[in-house]
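Just the one chain here, the form predicted alone, laid out as C-alpha coordinates.
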(Lines give C-alpha, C1' and ligand atoms only; values in the text may rest on other atoms or scores of the structure.)
Protein backbone atom coordinates (compact mmCIF):
# COMPACT_ATOMS: atom_id res chain seq x y z
CA UNK A 1 0.00 0.00 0.00
CA UNK A 2 2.78 2.43 0.91
CA UNK A 3 4.51 1.80 -2.42
CA UNK A 4 1.28 2.54 -4.30
CA UNK A 5 0.77 5.79 -2.43
CA UNK A 6 4.38 6.85 -3.03
CA UNK A 7 4.06 6.09 -6.76
CA UNK A 8 0.85 8.12 -6.93
CA UNK A 9 2.44 11.11 -5.21
CA UNK A 10 5.51 10.87 -7.47
CA UNK A 11 3.32 10.76 -10.60
CA UNK A 12 1.31 13.72 -9.41
CA UNK A 13 4.41 15.74 -8.64
CA UNK A 14 5.77 15.05 -12.11
CA UNK A 15 2.44 15.98 -13.69
CA UNK A 16 2.33 19.18 -11.62
CA UNK A 17 5.47 20.54 -13.27
CA UNK A 18 3.98 21.14 -16.76
CA UNK A 19 0.71 22.30 -15.18
CA UNK A 20 2.50 24.96 -13.15
CA UNK A 21 4.56 26.00 -16.18
CA UNK A 22 1.44 26.47 -18.29
CA UNK A 23 -0.44 28.30 -15.52
CA UNK A 24 2.51 30.59 -14.78
CA UNK A 25 3.01 31.35 -18.48
CA UNK A 26 -0.67 32.18 -18.97
CA UNK A 27 -0.72 34.35 -15.87
CA UNK A 28 2.44 36.14 -16.90
CA UNK A 29 1.19 36.86 -20.43
CA UNK A 30 -2.31 37.93 -19.38
CA UNK A 31 -1.04 40.25 -16.66
CA UNK A 32 1.52 41.82 -18.99
CA UNK A 33 -1.21 42.55 -21.55
CA UNK A 34 -3.11 44.70 -19.05
CA UNK A 35 -2.86 48.48 -19.59
CA UNK A 36 -0.62 48.84 -16.54
CA UNK A 37 3.01 49.98 -16.45
CA UNK A 38 4.75 48.34 -13.46
CA UNK A 39 7.76 50.60 -13.94
CA UNK A 40 5.70 53.79 -13.66
CA UNK A 41 3.75 52.44 -10.67
CA UNK A 42 6.94 51.57 -8.79
CA UNK A 43 8.17 55.17 -9.03
CA UNK A 44 6.84 58.34 -7.39
CA UNK A 45 4.20 60.33 -9.33
CA UNK A 46 6.81 63.03 -9.97
CA UNK A 47 9.09 60.67 -11.91
CA UNK A 48 10.16 61.85 -15.34
CA UNK A 49 9.77 59.92 -18.57
CA UNK A 50 13.51 59.26 -18.60
CA UNK A 51 13.34 57.78 -15.11
CA UNK A 52 10.40 55.58 -16.10
CA UNK A 53 12.25 54.33 -19.18
CA UNK A 54 15.33 53.59 -17.09
CA UNK A 55 13.19 51.67 -14.63
CA UNK A 56 11.61 49.71 -17.48
CA UNK A 57 15.06 48.68 -18.70
CA UNK A 58 16.06 47.74 -15.14
CA UNK A 59 12.95 45.54 -14.79
CA UNK A 60 13.45 44.03 -18.25
CA UNK A 61 10.12 45.36 -19.52
CA UNK A 62 11.73 46.60 -22.75
CA UNK A 63 12.50 43.02 -23.82
CA UNK A 64 10.24 40.64 -25.77
CA UNK A 65 7.54 38.90 -23.71
CA UNK A 66 9.05 35.37 -23.98
CA UNK A 67 12.38 36.71 -22.75
CA UNK A 68 10.66 38.50 -19.88
CA UNK A 69 8.94 35.24 -18.87
CA UNK A 70 12.22 33.31 -19.06
CA UNK A 71 13.83 35.89 -16.76
CA UNK A 72 10.91 35.69 -14.33
CA UNK A 73 10.90 31.88 -14.37
CA UNK A 74 14.62 31.70 -13.66
CA UNK A 75 14.19 34.02 -10.68
CA UNK A 76 11.07 32.18 -9.48
CA UNK A 77 12.94 28.86 -9.44
CA UNK A 78 15.31 30.51 -6.96
CA UNK A 79 12.39 31.72 -4.81
CA UNK A 80 12.29 35.26 -6.19
CA UNK A 81 8.78 36.10 -7.45
CA UNK A 82 9.51 39.77 -7.89
CA UNK A 83 9.08 42.79 -5.66
CA UNK A 84 5.60 43.95 -4.73
CA UNK A 85 4.84 47.33 -6.26
CA UNK A 86 2.50 48.30 -3.43
CA UNK A 87 4.49 47.10 -0.41
CA UNK A 88 8.04 47.32 -1.79
CA UNK A 89 8.82 43.85 -0.42
CA UNK A 90 9.36 40.43 -1.98
CA UNK A 91 6.03 39.03 -3.21
CA UNK A 92 6.97 35.54 -2.06
CA UNK A 93 7.55 36.75 1.49
CA UNK A 94 4.17 38.51 1.59
CA UNK A 95 2.41 35.38 0.38
CA UNK A 96 4.26 33.20 2.88
CA UNK A 97 3.19 35.53 5.70
CA UNK A 98 -0.50 35.45 4.75
CA UNK A 99 -0.80 31.80 3.67
CA UNK A 100 -1.02 30.26 7.20
CA UNK A 101 -4.10 32.35 8.06
CA UNK A 102 -5.88 31.16 4.91
CA UNK A 103 -4.90 27.54 5.57
CA UNK A 104 -6.27 27.75 9.12
CA UNK A 105 -9.51 29.27 7.88
CA UNK A 106 -9.92 26.72 5.07
CA UNK A 107 -9.10 23.78 7.37
CA UNK A 108 -11.57 24.94 10.04
CA UNK A 109 -14.23 25.50 7.39
CA UNK A 110 -13.65 22.07 5.87
CA UNK A 111 -13.92 20.37 9.27
CA UNK A 112 -17.24 22.14 9.85
CA UNK A 113 -18.41 21.32 6.31
CA UNK A 114 -17.54 17.65 6.85
CA UNK A 115 -19.35 17.50 10.20
CA UNK A 116 -22.43 19.27 8.86
CA UNK A 117 -22.29 17.41 5.55
CA UNK A 118 -21.96 13.90 6.98
CA UNK A 119 -24.43 14.61 9.77
CA UNK A 120 -26.92 16.19 7.39
CA UNK A 121 -26.48 13.39 4.85
CA UNK A 122 -27.23 10.73 7.47
CA UNK A 123 -30.25 12.74 8.61
CA UNK A 124 -31.56 13.07 5.05
CA UNK A 125 -31.12 9.33 4.55
CA UNK A 126 -32.78 8.55 7.88
CA UNK A 127 -35.83 10.63 6.94
CA UNK A 128 -36.38 8.75 3.67
CA UNK A 129 -39.95 7.63 3.20
CA UNK A 130 -41.28 9.88 5.98
CA UNK A 131 -43.33 13.06 5.90
CA UNK A 132 -40.23 15.08 6.68
CA UNK A 133 -38.22 13.85 3.67
CA UNK A 134 -39.49 16.56 1.32
CA UNK A 135 -38.96 19.27 3.93
CA UNK A 136 -35.40 18.11 4.62
CA UNK A 137 -34.66 17.86 0.89
CA UNK A 138 -36.01 21.36 0.32
CA UNK A 139 -33.89 22.63 3.22
CA UNK A 140 -30.72 21.13 1.72
CA UNK A 141 -31.51 22.74 -1.65
CA UNK A 142 -32.04 26.08 0.10
CA UNK A 143 -28.67 25.76 1.84
CA UNK A 144 -27.08 24.82 -1.48
CA UNK A 145 -28.37 27.99 -3.12
CA UNK A 146 -26.76 30.38 -0.61
CA UNK A 147 -23.14 31.27 -1.53
CA UNK A 148 -20.39 31.68 1.03
CA UNK A 149 -20.22 35.48 0.84
CA UNK A 150 -23.95 35.74 1.57
CA UNK A 151 -23.56 33.41 4.55
CA UNK A 152 -20.72 35.65 5.65
CA UNK A 153 -22.91 38.75 5.57
CA UNK A 154 -25.83 36.99 7.30
CA UNK A 155 -23.68 35.61 10.12
CA UNK A 156 -21.84 38.91 10.54
CA UNK A 157 -25.11 40.82 10.86
CA UNK A 158 -26.82 38.36 13.23
CA UNK A 159 -23.99 37.28 15.54
CA UNK A 160 -21.70 40.29 15.18
CA UNK A 161 -23.90 43.34 14.82
CA UNK A 162 -27.24 42.35 16.39
CA UNK A 163 -26.25 39.91 19.14
CA UNK A 164 -22.66 41.09 19.70
CA UNK A 165 -21.85 37.45 20.41
CA UNK A 166 -18.71 37.03 18.31
CA UNK A 167 -15.99 39.28 16.85
CA UNK A 168 -16.13 39.79 13.11
CA UNK A 169 -12.95 41.64 12.16
CA UNK A 170 -9.33 40.54 12.16
CA UNK A 171 -7.61 37.37 13.31
CA UNK A 172 -7.20 38.12 17.02
CA UNK A 173 -8.15 40.91 19.44
CA UNK A 174 -5.97 43.99 18.81
CA UNK A 175 -4.96 44.27 22.48
CA UNK A 176 -3.36 40.81 22.45
CA UNK A 177 0.14 39.99 21.14
CA UNK A 178 0.45 37.73 18.12
CA UNK A 179 3.27 35.19 18.56
CA UNK A 180 5.09 34.47 15.32
CA UNK A 181 6.87 31.11 15.28
CA UNK A 182 5.30 29.08 12.46
CA UNK A 183 2.86 31.72 11.20
CA UNK A 184 -0.15 29.67 12.32
CA UNK A 185 -1.71 31.74 15.10
CA UNK A 186 -3.55 28.82 16.72
CA UNK A 187 -0.42 26.68 16.89
CA UNK A 188 1.91 29.51 17.89
CA UNK A 189 -0.35 30.65 20.74
CA UNK A 190 -0.29 27.11 22.17
CA UNK A 191 3.48 26.82 21.74
CA UNK A 192 4.08 29.95 23.84
CA UNK A 193 1.34 29.07 26.33
CA UNK A 194 -0.91 32.04 25.49
CA UNK A 195 -4.31 30.40 25.83
CA UNK A 196 -6.00 33.81 25.83
CA UNK A 197 -4.62 34.42 22.34
CA UNK A 198 -5.70 30.91 21.28
CA UNK A 199 -9.28 31.47 22.49
CA UNK A 200 -9.41 34.89 20.87
CA UNK A 201 -8.19 33.45 17.55
CA UNK A 202 -10.81 30.69 17.77
CA UNK A 203 -13.58 33.23 18.41
CA UNK A 204 -12.45 35.30 15.42
CA UNK A 205 -12.36 32.15 13.29
CA UNK A 206 -15.90 30.95 14.06
CA UNK A 207 -17.95 33.23 11.81
CA UNK A 208 -15.80 33.07 8.63
CA UNK A 209 -15.33 29.31 9.06
CA UNK A 210 -19.07 28.76 9.45
CA UNK A 211 -19.77 30.99 6.44
CA UNK A 212 -17.59 28.73 4.27
CA UNK A 213 -18.65 25.49 5.97
CA UNK A 214 -22.38 26.18 5.57
CA UNK A 215 -21.89 26.97 1.88
CA UNK A 216 -20.03 23.74 1.08
CA UNK A 217 -21.75 21.24 3.39
CA UNK A 218 -25.03 20.79 1.40
CA UNK A 219 -23.20 19.20 -1.54
CA UNK A 220 -21.58 16.66 0.80
CA UNK A 221 -25.00 15.96 2.37
CA UNK A 222 -26.67 15.19 -0.92
CA UNK A 223 -23.83 13.08 -2.32
CA UNK A 224 -23.67 10.98 0.86
CA UNK A 225 -27.41 10.44 0.79
CA UNK A 226 -27.36 9.46 -2.90
CA UNK A 227 -24.47 7.05 -2.27
CA UNK A 228 -26.37 5.43 0.60
CA UNK A 229 -29.45 5.10 -1.59
CA UNK A 230 -27.43 3.28 -4.26
CA UNK A 231 -25.71 0.99 -1.76
CA UNK A 232 -28.97 -0.01 -0.08
CA UNK A 233 -30.04 -1.61 -3.38
CA UNK A 234 -27.02 -3.93 -3.31
CA UNK A 235 -27.48 -7.65 -2.59
CA UNK A 236 -25.17 -7.70 0.43
CA UNK A 237 -27.47 -5.25 2.24
CA UNK A 238 -30.37 -7.67 1.83
CA UNK A 239 -28.16 -10.53 2.98
CA UNK A 240 -27.22 -8.55 6.08
CA UNK A 241 -30.90 -8.11 6.90
CA UNK A 242 -31.46 -11.84 6.48
CA UNK A 243 -28.66 -12.47 8.98
CA UNK A 244 -30.64 -10.51 11.52
CA UNK A 245 -28.52 -7.35 11.65
CA UNK A 246 -30.29 -4.19 12.76
CA UNK A 247 -30.61 -1.20 10.44
CA UNK A 248 -28.07 0.69 12.55
CA UNK A 249 -25.56 -2.17 12.26
CA UNK A 250 -26.12 -2.40 8.51
CA UNK A 251 -25.58 1.33 8.13
CA UNK A 252 -22.44 1.54 10.25
CA UNK A 253 -20.77 -1.77 9.34
CA UNK A 254 -21.57 -2.08 5.65
CA UNK A 255 -23.27 0.86 3.95
CA UNK A 256 -21.46 3.84 5.41
CA UNK A 257 -17.90 2.64 4.80
CA UNK A 258 -18.72 2.11 1.10
CA UNK A 259 -20.71 5.33 0.71
CA UNK A 260 -17.94 7.37 2.28
CA UNK A 261 -15.51 6.82 -0.61
CA UNK A 262 -17.30 8.90 -3.29
CA UNK A 263 -18.20 11.42 -0.58
CA UNK A 264 -14.55 11.68 0.42
CA UNK A 265 -13.53 12.30 -3.19
CA UNK A 266 -16.10 15.07 -3.43
CA UNK A 267 -14.94 16.54 -0.11
CA UNK A 268 -11.40 16.73 -1.45
CA UNK A 269 -12.57 18.55 -4.56
CA UNK A 270 -14.70 20.79 -2.38
CA UNK A 271 -11.70 21.60 -0.20
CA UNK A 272 -9.80 22.83 -3.23
CA UNK A 273 -12.74 25.02 -4.24
CA UNK A 274 -13.26 26.11 -0.64
CA UNK A 275 -9.62 27.17 -0.34
CA UNK A 276 -10.04 29.40 -3.37
CA UNK A 277 -13.41 30.62 -2.07
CA UNK A 278 -11.88 32.13 1.05
CA UNK A 279 -11.19 35.33 -0.86
CA UNK A 280 -14.57 37.03 -0.44
CA UNK A 281 -15.07 35.78 3.11
CA UNK A 282 -11.67 37.12 4.14
CA UNK A 283 -12.58 40.52 2.72
CA UNK A 284 -15.94 40.56 4.55
CA UNK A 285 -14.31 39.74 7.90
CA UNK A 286 -11.05 41.67 7.31
CA UNK A 287 -9.25 38.38 7.85
CA UNK A 288 -5.50 38.78 7.12
CA UNK A 289 -5.11 35.92 4.64
CA UNK A 290 -4.25 35.56 0.98
CA UNK A 291 -7.74 36.59 -0.10
CA UNK A 292 -7.40 40.02 1.44
CA UNK A 293 -3.89 40.29 0.05
CA UNK A 294 -5.15 39.38 -3.42
CA UNK A 295 -7.84 42.06 -3.32
CA UNK A 296 -5.27 44.68 -2.32
CA UNK A 297 -2.96 43.49 -5.09
CA UNK A 298 -5.71 43.68 -7.73
CA UNK A 299 -6.85 47.10 -6.48
CA UNK A 300 -3.32 48.44 -6.84
CA UNK A 301 -2.48 46.49 -10.04
CA UNK A 302 0.41 44.84 -8.19
CA UNK A 303 1.32 42.36 -10.94
CA UNK A 304 4.17 40.48 -9.18
CA UNK A 305 2.02 39.95 -6.08
CA UNK A 306 -1.04 38.87 -8.11
CA UNK A 307 1.01 36.26 -9.94
CA UNK A 308 2.62 34.94 -6.74
CA UNK A 309 -0.77 34.57 -5.02
CA UNK A 310 -2.42 32.92 -8.03
CA UNK A 311 0.42 30.40 -8.34
CA UNK A 312 0.20 29.65 -4.62
CA UNK A 313 -3.51 28.91 -4.94
CA UNK A 314 -2.73 26.58 -7.85
CA UNK A 315 0.02 24.76 -5.91
CA UNK A 316 -2.15 24.31 -2.81
CA UNK A 317 -5.07 22.91 -4.84
CA UNK A 318 -2.73 20.44 -6.59
CA UNK A 319 -1.36 19.31 -3.21
CA UNK A 320 -4.87 18.90 -1.79
CA UNK A 321 -6.00 16.78 -4.75
CA UNK A 322 -2.89 14.60 -4.48
CA UNK A 323 -3.44 14.00 -0.76
CA UNK A 324 -7.11 13.14 -1.31
CA UNK A 325 -6.22 10.62 -4.01
CA UNK A 326 -3.60 9.07 -1.72
CA UNK A 327 -6.17 8.80 1.09
CA UNK A 328 -8.61 7.25 -1.36
CA UNK A 329 -6.07 4.51 -2.11
CA UNK A 330 -5.55 3.90 1.61
CA UNK A 331 -9.30 3.50 2.19
CA UNK A 332 -10.11 1.56 -0.99
CA UNK A 333 -8.17 -1.75 -1.30
CA UNK A 334 -9.32 -2.20 -4.92
CA UNK A 335 -7.16 0.72 -6.03
CA UNK A 336 -3.93 -0.63 -4.51
CA UNK A 337 -3.28 -3.06 -7.36
CA UNK A 338 -3.17 -0.31 -10.01
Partner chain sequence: MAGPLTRSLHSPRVLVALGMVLCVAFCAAFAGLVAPHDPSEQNLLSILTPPLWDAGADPHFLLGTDSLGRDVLSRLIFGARTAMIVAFAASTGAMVIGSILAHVSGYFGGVADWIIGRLVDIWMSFPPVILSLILMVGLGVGLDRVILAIVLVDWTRFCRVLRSEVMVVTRHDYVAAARLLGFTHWQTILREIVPATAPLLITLFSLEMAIAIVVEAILSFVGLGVGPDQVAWGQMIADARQNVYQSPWDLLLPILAIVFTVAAFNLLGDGLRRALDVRLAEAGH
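Everything quoted here is computed from the prediction, not taken from an experiment. Residue numbers count along the first chain shown, from 1.
Just so it is clear, the following notes concern the form predicted in complex with the partner chain, a form of the same protein that is not shown.
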{"query": "Contact check for 222, 299 and 314 against the partner chain in the model of the complex, heavy atom at 4.5 Å", "finding": "yes"}
{"query": "Non-hydrogen atom contact residue 258 with the partner chain in the model of the complex at 4.5 angstroms", "finding": "no"}
{"query": "The partner chain contact in the model of the complex: residue 149, any heavy atom under 4.5 Å", "finding": "yes"}
{"query": "Close approach of residue 145 to the partner chain in the model of the complex, 4.5 Å, heavy atom", "finding": "yes"}
{"query": "Contact label in the model of the complex: residue 206 to the partner chain, heavy atom within 4.5 Å", "finding": "no"}
{"query": "Candidate from 210, 125, 81, 168 lying within 4.5 Å of the partner chain in the model of the complex - any heavy atom", "finding": "168"}
{"query": "Partner-proximal stretch of 81 to 89, 179 to 187, 157 to 165, 231 to 239 relative to the partner chain in the model of the complex, 4.5 angstroms, heavy atom", "finding": "157 to 165"}
{"query": "Sequence-ordered residues of 11 to 25 touching the partner chain in the model of the complex, heavy atom within 4.5 Å", "finding": "19, 22, 23"}
